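Take a look at the structure tokens below, where one protein chain is shown in two forms, each on its own, as structure 1 and structure 2.
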Structure 1
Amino acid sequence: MEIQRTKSLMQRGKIGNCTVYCVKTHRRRLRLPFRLVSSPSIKFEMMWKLGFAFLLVAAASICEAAAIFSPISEAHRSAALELFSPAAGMFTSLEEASESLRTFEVLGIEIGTDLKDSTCKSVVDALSSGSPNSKDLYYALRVSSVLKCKISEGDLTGGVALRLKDFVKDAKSLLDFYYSIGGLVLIKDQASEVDVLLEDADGIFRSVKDLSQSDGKWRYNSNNPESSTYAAGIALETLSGIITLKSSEIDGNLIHALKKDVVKLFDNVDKYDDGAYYFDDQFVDASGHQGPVSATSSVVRGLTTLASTSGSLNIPGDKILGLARFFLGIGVPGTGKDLYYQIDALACLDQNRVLVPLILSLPASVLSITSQDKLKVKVTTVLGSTGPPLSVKLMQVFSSGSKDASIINKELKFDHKEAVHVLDALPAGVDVGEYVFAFEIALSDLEHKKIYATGGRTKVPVYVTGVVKVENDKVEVLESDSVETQQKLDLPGKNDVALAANHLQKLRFSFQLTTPLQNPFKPHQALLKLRHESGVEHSFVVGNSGKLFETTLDFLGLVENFFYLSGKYDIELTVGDAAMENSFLQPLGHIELDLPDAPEKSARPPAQPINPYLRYGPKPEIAHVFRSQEKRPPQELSYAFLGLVFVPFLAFLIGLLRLGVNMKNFPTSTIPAAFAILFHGGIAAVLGLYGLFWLKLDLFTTLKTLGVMGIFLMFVGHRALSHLASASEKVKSA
């Protein structure tokens, strides 16, 4: 039974918020929950895992009886923006757009103008394209109902409405009826003047009703004998649409039989220990297994839609409230589909005509008895809206691990400013620890009992914290059970004891813990740790008897566990609990142990792990000293060498003058002259590039630039030299 319950919790998400809360609350206390830990690391790990598993079971048992359900929060809005962000600025399909926009609408999230325009364009294209698929038309109309897209009345009257009516006549499966009937209902809501009434509503109603089963589930078509809970929700929504579109009365016996089917469907609803109700679906079709979230959401939508068209349904209020608890209990889903199913179902429950569920939640479920925190209770709808006038009473308080309860029966005061019900002081006897508070909600107006579902007593876990007093703390060295050395401690203050002992002596450590109400307090962790200077550690649980915590280390029996290592041992004390506000991990000082030499075949100390900081941390800085700069020649010698460099250039200029260089052959025509100028300019640029290479450019940059310049020079030089060659031939021929 326990294994089956655990699988059920895993399928649901481990009771959502309840499990998350319990894990967070117990995170600190689950650090070292074992009874005896000494030396061998293997035993240490095994006992740690066993203790961890034990406390997980204990935490789960607390959550079974009491759970915290909170209405829709900002976390859901953040998840919606992340999961439904359209790729490339537009939705991939109208179905995705419909689910995203429905979620945004309920959560109050506005979309951008560009996204709205592109989506409405897709809607208009789908409605005017003459699509033979009723599913596309249905989702296009759903998107239009949210975005208020501008659609001409002619398209709705002459095109879409007539096509949907034809789809109704030709429908063979439940989904065919669902999309076509749903599309006609959406047209009626958007354009009431369009004729969407069904001439043979009674016959269509019977066709859909024939797919129902004796257990309240429905088949998708007459050829498939498998029934589905998800299909039941679709069928209820479809039949309510037929009632809305009827042009003549439908047989009352059919509607009466339909309401009986709803009751049968709820007879098979599943329930969790925290009062949450849900529907599972064993049917698997081409789209896969629907799962509890989608199946329950489908039923909720169909149920609330049917109630709005055919009057009240005989559904108990605790089951309506349980459905709301199921969707709130799953927290924030990780997929867009599940988030849409959750938000859509909660929106339907928030505005349904059966019963509107009211959720009792705690803004803070961890209270400090030292700070005298006040218990605050908030009652809202599933979407966080303020509930009707009501009162909240604290009826009982259960202590953790006990079935006995204190009878309180005290009404909380209502704070109009914060819209919360406040308990000024915690009940007498409530001390540091874990409790379950049982509340009852009483509506002020008796007529509201027909509108709202409050359920019976609501149990929620409350964790009370406080400062625990440490008294009579001391450490002693014993020899033959007589105190040889004793030192007082100041916990959790600063301590620096210095002790010495041999293997024939004992070390006794003791202290007392009391709560703010002077009750004994037992933390989840009370550990004494001795750490040898070589790094070997030994941990011991400090046992307790009432208020007194005491442990005695007999070194004669521990020499093997200590690996016969003499020397200095640092002493460290850990006292911690989630409810203890002054938990501490305190160094106490050290003790010098004189142990006998190790025998030849005795166990050796385990190899100590390498400090990852030393392995992967920053390496020491490398200081490199460059060689001293070589001595340079005198400045006069450098200038003399520079002058010698310019001598060949001057000789070049003189040679040009002696040869009679002139510009007679320089082209005079515009285009050849331009190529000649570019050619000479390119040569000058190459020379300038050489200079830049000498001053600052690297070799690779210079070569790339020179390659580009070379191609340019080749082109303009070829054109300039071709002109000179042709001019020379003309002169010769003349």
Structure 2
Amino acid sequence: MEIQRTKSLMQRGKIGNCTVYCVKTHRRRLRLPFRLVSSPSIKFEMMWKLGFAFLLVAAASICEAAAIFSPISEAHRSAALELFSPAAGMFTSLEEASESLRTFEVLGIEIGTDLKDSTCKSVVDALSSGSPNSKDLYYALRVSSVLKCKISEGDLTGGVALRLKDFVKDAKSLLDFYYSIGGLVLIKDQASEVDVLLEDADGIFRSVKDLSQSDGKWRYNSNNPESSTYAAGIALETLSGIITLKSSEIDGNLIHALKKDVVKLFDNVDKYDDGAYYFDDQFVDASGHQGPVSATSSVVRGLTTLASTSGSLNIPGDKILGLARFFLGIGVPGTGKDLYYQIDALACLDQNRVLVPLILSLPASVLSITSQDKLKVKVTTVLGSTGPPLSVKLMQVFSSGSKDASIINKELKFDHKEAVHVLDALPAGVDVGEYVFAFEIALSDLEHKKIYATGGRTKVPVYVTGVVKVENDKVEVLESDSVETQQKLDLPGKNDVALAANHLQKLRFSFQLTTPLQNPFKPHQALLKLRHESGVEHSFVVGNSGKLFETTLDFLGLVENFFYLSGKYDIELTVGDAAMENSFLQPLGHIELDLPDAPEKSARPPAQPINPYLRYGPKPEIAHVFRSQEKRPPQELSYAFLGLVFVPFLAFLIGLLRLGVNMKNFPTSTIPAAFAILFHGGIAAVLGLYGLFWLKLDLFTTLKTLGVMGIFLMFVGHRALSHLASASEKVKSA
């Protein structure tokens, strides 16, 4: 029974199934003996309920992350000037011109008269040309409404209005309706004498409303089943335009149904953790619009226009505030189109008939205890203009990482000169570190609650910095737990200690960190670094217990880590944190370590990074040593032997003469004689060719010439020798 009771109590805590289950448990309980349902148990039940409810609320409030949203600033103005400055002094299209000019108008940027004149001229050209496109007329009218161009001359506007009315009659898709009706509304604002009222406003309203869907989105035309939130925004704007232009009353039920559709649209809104609400389209449609910025901006524009024409809509304040936060959370967009969407939506939200969001921002979110900064809070509209009279209270302060918060409930003083709310002194117990401050805005005039959206508790992250004191800092060398040498340090100032230790001793290093409020402080980084003279480094994290930071290096265990490198090690201490104003990285001095020699198989120390200039820079120049000349003999000796070589040749010639050489066999008749002479000449020529080859020719030319000469020589030689052979045959036979 005990188990049953606890289970039913747990079930009761659930929101949603309470009704059904509660009844069931009641019935079961009534069956039980009556004495169990007694007063102590009822009190216990109530406590459980309250406790559970509180836990859930606390959990829900913590789930929302803290973020700072600031209203439009100078950064947006300079971005607009950069993104929208027209190339070559003219806008490329009227659509671009309308976006740029609307952005400049909201941000209060003036444009030059040359640009104004040239743009007005293109507006007049577009309006007077017989363009079959309602889009061009619409953008031309938008540009002229910002620049206040003179378009009421002649019957220009009258003619345009008639054409737009024709477009409305022939319109089939949502965008056709949008451009034509939007154009007529703009003409109504600029040239009030022109008749722009629509005859069948009710019918047109119905035909636009037909494109809506049950989930709150709109289709672009009846053929295409794809729907988007961007289209919903356009449709709302179109419908509010129809309401403005009506000549006869539109059925009140239609408007009522439309307002319900708007509320349904908000059922699909997406949310970020920091409280920003946005609409997202899943696809890219024909006009190329995509993404949450364009979709959300279109919806904001649509619903603010609708609210201004047909009374307020029932949309909760946190959602409106969420939409404003989304646009402010973008920061400064990078593209012109996104900037236009952001600025246009914020301008619509700045003064609208639904609820005007008020933004709480901090000009400075980092406070310094040392310079006794005061916390300043600004509450403005999204464009930065002052809000209604109100008071700001600091409700809670959460310290980072912990869920519990101290409840403060202190009101901030309003400084009229600077229009900021100032907190005189930081709450007690706010020390150096990261905090989340929860503020609540209370409007002075209760009527303003229907006009402005303030949004319950706003959480902002605040960083408190200060000077952290370092005390009791000393470094010691221990010999089996007894202090051998001790040196006091002066952190965070300069130090230069000189210690010596061997591998049997330990090095102990300790200090204390205290915040300005005398609390212990744990910094993000507390590192001790030892660097060997060869460049090998070892880092150690300094652990802490409460205030005391201490690390003991036992060299006996670290010998292998240090790669057995003995020598001088430089000591360096780093203590740093984002909230610490005096973070430091100080060299402390050096220590001479005497470690044993490395055994055979120990790890080598890691290679140090190579000086790139040594490796990749120019190398020392190498002087090439040439091979020394071979020793040549003296020239006279060579010449002597040259002469000596010719001696056997002379001896040969003399011998020939002695033998009685004669030329009797030389042919006498003409033709054989000629051949004989050519034969000898040919041989001489070949030998001459060889001489030339040795002196300057190469083998290829020699062989080529030799081939030619050889053939000649063969022929000539054959004739000569065959003649000689036949002559000797004749002699033999004779």
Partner chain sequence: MVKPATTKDDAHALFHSLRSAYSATPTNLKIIDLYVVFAVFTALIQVAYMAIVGSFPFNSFLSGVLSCVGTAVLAVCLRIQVNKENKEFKDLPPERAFADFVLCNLVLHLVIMNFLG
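Superpose the two forms; the largest set of C-alphas matching within 1.5 Å is the rigid core. One-based numbering along structure 1's sequence throughout. Note that the structure is a prediction, hence the values are computed from the model and not measured.
Each structure shows the same chain on its own, and structure 2 is the form predicted together with the partner chain.
In this overlay on the rigid core, Asp170 has a C-alpha that sits less than 2 Å away from its partner position between structures 1 and 2. In a rigid-core overlay of the protein, Asn582 has its C-alpha displaced by under 2 Å between structures 1 and 2. Once you line up the core between structures 1 and 2, the Cα of Gln608 ends up 2 Å or more from where it was. Note on Gly682: its Cα is shifted 68.3 Å between structures 1 and 2, core used for superposition.
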